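Alright, here's a single protein chain in two forms, structure 1 and structure 2, each given by itself as structure tokens.
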Structure 1
Amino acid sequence: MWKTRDRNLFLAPAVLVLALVGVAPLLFAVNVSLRQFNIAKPSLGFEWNGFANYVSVFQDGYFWGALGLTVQFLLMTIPLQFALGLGIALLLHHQDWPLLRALARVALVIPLATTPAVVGLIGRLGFDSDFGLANWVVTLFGGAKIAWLGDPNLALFAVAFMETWQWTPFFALVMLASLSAVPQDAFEAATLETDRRWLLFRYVEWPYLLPGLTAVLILRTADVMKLFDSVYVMTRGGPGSATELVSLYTQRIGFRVFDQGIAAAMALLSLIVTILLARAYIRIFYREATA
């Protein structure tokens, strides 16, 4: 009864639509990336220019700067989100204070559900130099008001802060789910051997945490590669190019400078990184499903 024809009919709509909206634009982008394609300067024409766009991307210091900044941003936010998330997960896995723990679980959903563009708006308000909450904390400790979003280093910090606020709950919820998967009797058997919390964590709980953690790390890396909304709203990549991550730089070249040939080449180069990440993700997590 499991006829190939039926299978194809079930698959056809999804395959057709994804080919149309996923693959066709991609091929179009490849085409554009191999041409002179500045829509603000149509007089230059739209001729093939081979790999000239790619060459200029590779020679473009700002592109490497944006890529470096994206990596720096990853290194700033991911370990922090991991550490805070793990702390929260262990806290919520604890036995005491059921009401507070239930409240915290509900609260964790809030940042995750908040529209990233709105996270950017909240960031603008919170880090405002005149009346922001951040400066209120600074003045509480006796400091002077700081122009957070006007200073290159502090602006990056402010953006990273909001990103950490939004995504720490993701780490926390995933690790909490993994912790609840630790068999209770295995944990209790281990407590007969040792009373040291660290050893219990390292040898009993950690192995259960590892798969979920890997999933989150890969997904977050891919997400930061395409991070746009919150940063765009909060700083537009500024001051200067201090918070111009790779997707913001690509957007600026494509839609404010309107050199879409160069922008397409940059977008495709960053796509290669995400495809590698996607491959790793699937290799690790769907082995048994696809076998």
Structure 2
Amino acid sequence: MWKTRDRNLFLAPAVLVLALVGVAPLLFAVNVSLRQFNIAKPSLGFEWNGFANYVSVFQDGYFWGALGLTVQFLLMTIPLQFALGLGIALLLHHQDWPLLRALARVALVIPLATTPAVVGLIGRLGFDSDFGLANWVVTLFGGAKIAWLGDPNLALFAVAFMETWQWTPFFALVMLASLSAVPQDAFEAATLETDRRWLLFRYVEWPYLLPGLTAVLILRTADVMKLFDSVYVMTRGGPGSATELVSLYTQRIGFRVFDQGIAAAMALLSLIVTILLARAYIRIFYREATA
């Protein structure tokens, strides 16, 4: 009895902080999403309107376009970050280059330590049509300058490039840590059976990668679903709505149209999509890891 009470007392501060910073804002958002609340029209009050905001969101074609664009952006960036990160991790893990491995780990941390707003500023300068690094490379090979951020067909790729530059190291570091957990004796025993690198990776190393990969996929999906800073600084969601992800559209509704009720409903629907994707990752990858 005393042990249970002591354990609860030690856990109480953490639970209280979690409730204050996590549960309370979520409950407030749910409350706002069920009310008519426009801060530019205080005369309308804070009246209860049930699921009217959700109905408006479901009928809003621009919201679904922004959500579809976010999913497209997710498919453009996450698989590429995983492939590049896994390649870097395998290269550093299997090559006996201790100095290069140490330098690479330091270099991989630099993009992660860069704030999203600064990443957006670097991308805005790097893809500038007049003096950006991207056009310098293009003209170096004899090509004509390209309006990367002014072309609706290219702007999203420019944003995806910067997102991949920043977060590929995250995949690489987690995959490298997971590879370090592979028992050396098991790997050496497997090499006695076959020298085919693919089989060694699939049946010896891959199971140890799955728990870390599941966690990284969940975290990165949540990051992309709420990505705002770097995209806003880099393109402001333009040209037109070519890079207006769901987070930018929600911000526009909440802080330009000032309809907080509808914006809260959009944010909660985005959260539901994120949770569904996280559950899918767990069912696909974590189940395989525990099988």
Partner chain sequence: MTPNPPAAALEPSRAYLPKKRHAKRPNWLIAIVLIVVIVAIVLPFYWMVAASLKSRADVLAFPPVFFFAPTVEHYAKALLEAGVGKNVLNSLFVSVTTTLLALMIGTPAAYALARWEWAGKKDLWFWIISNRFMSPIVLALPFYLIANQLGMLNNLLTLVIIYLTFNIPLVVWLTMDQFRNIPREIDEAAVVDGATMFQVFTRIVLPLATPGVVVGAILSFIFSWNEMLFALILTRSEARTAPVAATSFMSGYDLPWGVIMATGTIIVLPVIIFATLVSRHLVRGLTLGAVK
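What you are looking at is a predicted structure, and each value in this text was computed from that prediction instead of being measured. Note that the rigid core is defined as the largest set of C-alphas that superpose within 1.5 Å between two forms. Structure 1's sequence is the ruler for residue numbers, which start at 1.
Novice: Just one of these is the form predicted together with the partner chain; is it 1 or 2?
Specialist: Form predicted together with the partner chain: structure 1.
Novice: Is there a C-alpha shift of 2 Å or more at residue 240 between structure 1 and structure 2 once the rigid core is superposed?
Specialist: No; that C-alpha moves by less than 2 Å between structure 1 and structure 2.
Novice: On a rigid core superposition, how far has the CA of residue 15 moved between structure 1 and structure 2, in Å, if you could check?
Specialist: Residue 15 C-alpha displacement between structure 1 and structure 2, core-aligned: 4.6 Å.
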